[in-house]
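Below: one protein chain in two forms, given as structure tokens, structure 1 then structure 2.
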Structure 1
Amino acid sequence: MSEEKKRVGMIGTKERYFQPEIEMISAGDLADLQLKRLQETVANCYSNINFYKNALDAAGISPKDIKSLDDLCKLPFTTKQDMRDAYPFDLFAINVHDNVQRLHASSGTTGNATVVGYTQQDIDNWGDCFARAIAQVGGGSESILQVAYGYGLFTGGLGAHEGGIRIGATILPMSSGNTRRQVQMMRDFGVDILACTPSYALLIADTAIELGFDPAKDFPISGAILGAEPCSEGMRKEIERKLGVTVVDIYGLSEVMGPGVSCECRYQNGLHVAEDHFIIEIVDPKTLLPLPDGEWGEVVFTTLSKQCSPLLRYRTRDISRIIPGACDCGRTLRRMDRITGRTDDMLIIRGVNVFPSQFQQVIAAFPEVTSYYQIILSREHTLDKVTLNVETVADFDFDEIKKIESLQHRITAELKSNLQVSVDVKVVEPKSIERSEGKAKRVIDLR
């Protein structure tokens, strides 16, 4: 099947929608819907969750004080530590034995896990949000959806699965791992939509090529919904070229719902937020004051439809902005920009704040290297040392020492110019950086 035929559904003039009555809602109707649901959410939190009753009482706010969307700023923030402190079920508005259909949780590697519960209605709403993403990449009820996110406590696999159910697609629940079998099933079953992390999509593409296939020509796959980790524009283009697909970025976090909180459309110019289910704010991470559209800051979400685990003004620590203006796809739901980093996992290197995604953006400009990289943090005496391992493309002449040294020097200079930090760049041979069948481990901190 030619790439042109595969992508005709994505490049045609007719946009595909799953819930046009919501995705193209007027500003006035959306505001009315959000206010109604916000009032219900605050009342639910106040009546059924002691943490929120105490926090609202301390702020001098009651549910009847929420009379307009402008009153949102009166509500207290919620943090991940609040959720950890409430482990396991103290932030549930419903008794875990009453109508709670599913539990998800974080790994808890840095403390108690953050636990989120879902009623059947919560799961249905989640499925609707992910189904919109499937439509936005050109999928529908006739699609075969390969879910290569991990299934389990991580929300990725089951979130994509629910989206497939809601849109009526045929679902191939591969989970992550066994990459050769992923390729075989993708080819043999005629998969047209792939859902996984960007790094795993690239590994699937590279494995297919190693096995002698040209996925862009030989496979019917036409769209990929990728999330859970940063993906530079260079990495996106590499995946699109190797698989012959349109890639859209999907965003979500388990504390708020899971994947589907927002997703790009085929125009790839920002992620449409599911504003019927969430209110997004961008705040200054220092002052916590709301910022106007277009300005970068910390993303804050308030859930509007969650029955079991509602959250008021949850600080995600993710850095983004609201993109002003309308989207060419016709959706009226506002767009957030792709995440550029986080306020709590930024690297502080000799006093300079740097996000791992900034390294990715720099190396994406060098065609001699792939999207596989790893940042090693260590100490040399009392000073921080940063080593960046980058992997060359297959046809790079690794026997030419001068070419290697030149490439290392150019990348080092570009990093110094852009990030204002000194980095020891090591160019390594193809396939020498460990591949991940899930979320790539980009940073190793040995300090």
Structure 2
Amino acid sequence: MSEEKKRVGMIGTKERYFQPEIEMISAGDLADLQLKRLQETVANCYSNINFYKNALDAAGISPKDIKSLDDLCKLPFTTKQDMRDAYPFDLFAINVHDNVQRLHASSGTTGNATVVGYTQQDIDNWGDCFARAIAQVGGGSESILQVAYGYGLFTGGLGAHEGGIRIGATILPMSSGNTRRQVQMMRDFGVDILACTPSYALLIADTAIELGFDPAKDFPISGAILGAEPCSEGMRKEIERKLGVTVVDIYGLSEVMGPGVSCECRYQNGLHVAEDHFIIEIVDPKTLLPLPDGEWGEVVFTTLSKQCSPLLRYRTRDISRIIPGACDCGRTLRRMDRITGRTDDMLIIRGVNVFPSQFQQVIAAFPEVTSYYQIILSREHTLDKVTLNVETVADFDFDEIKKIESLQHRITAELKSNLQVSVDVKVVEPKSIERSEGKAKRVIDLR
């Protein structure tokens, strides 16, 4: 494989931009654009969404009070619970039968899923955001993009797909799974860029190596756009070494849009936020007051261009900060740091968002087990592995092993259907799950 091809995504080659007029916008022009779009968004929310009309009325704010970007902090917050309560379409600014092109939904957590609608314009904007990521890792219209995120209600697959469309790349819509085939096509088709979760990228790399390839040398692939789950720096380096690629971390959440809300450039020092489409705030999770650049806090987004599902000050529960200063790549869009944690107990398991309380709800339906449980997260090969330890109740007849196995299988099946996560259920001895005085340690994360 030519060295030149391999070097496309590497620093030292020419920086590529998808929308340079936006990506290198001046601070003044960006502020003007953001204010204009914020005013339109607040007006849209107020006129078309009862939830926001009531919330703004309650806060004593009318759309015309938004005179500068500083007025943003007068707006009320939106939470995930608000979105669940609005199930399915109460936060839509457009009738679902009108111009809504597509619906996505996040994993049905406790109770209702969060549903987000997109007009064609919303989808195009989303595609633009992801297309910037493709350029950021060195790709363009000549690239072959392998999308190995799951296609479906999950925004990963189709978000990356739209990015490929907008930049004019050749899209290989693999979805996730069938890893040997992923490797074969990556090689046979000469894929340039891979988009999937970090753990899946590593599995693809390891599978290629197992099959006797050295993708770092033998495959033309030069970039990977990885997101939907945390990726340690060590894991990034491992993927980069094994595949011979530059890995950029992409961030997004379906409530706000999907992947592409922010994305790293090749300098891998923070994720450039698509500030033309979103205003990012970092707030103190306790006081909810905005924090200055550089300080860590909860990430809050206000959408600026979304027609169907606009959001005012959506609390992501993700913890990050704004990285002060300019980036060497030339983009002026500010950078947020990689997510370091959550302000709630949400777990990300193979890209799926799961709360410990969901495990609790599932096992509560099994009279054979007690309410003590423990979730152990580890990595097997490259993928997340979930083990759920449960204790049986005193009068459970464990004399026959098949009864224990049947219990394990039934709990596993129920978790799979409720959480979309494969869980290894282990029956443990009574009292072996720690009883804590205060908040029980329900989750042990060994990843």
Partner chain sequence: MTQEGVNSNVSLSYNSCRFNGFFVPLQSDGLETIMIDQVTLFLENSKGRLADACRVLADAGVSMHTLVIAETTDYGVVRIITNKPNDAINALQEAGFRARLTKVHALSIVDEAGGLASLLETFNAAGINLEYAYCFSTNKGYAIDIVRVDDPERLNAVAAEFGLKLLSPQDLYEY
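Keep in mind that this is a model prediction, so the values were computed, not measured. For numbering, take structure 1's sequence and count from 1. If you superpose the two forms and keep the largest set of C-alpha atoms that fall within 1.5 Å, you have the rigid core.
Structure 1, not structure 2, is the form predicted on its own. With the core superposed, residue 69 shows a C-alpha displacement below 2 Å between structure 1 and structure 2. With the core held fixed, the Cα of residue 364 is displaced between structure 1 and structure 2 by 2 Å or more. When the rigid core is held fixed, the Cα atom of residue 422 travels 2 angstroms or more between structure 1 and structure 2. Core-based superposition between structure 1 and structure 2 puts the Cα shift at residue 395 at 46.6 Å.
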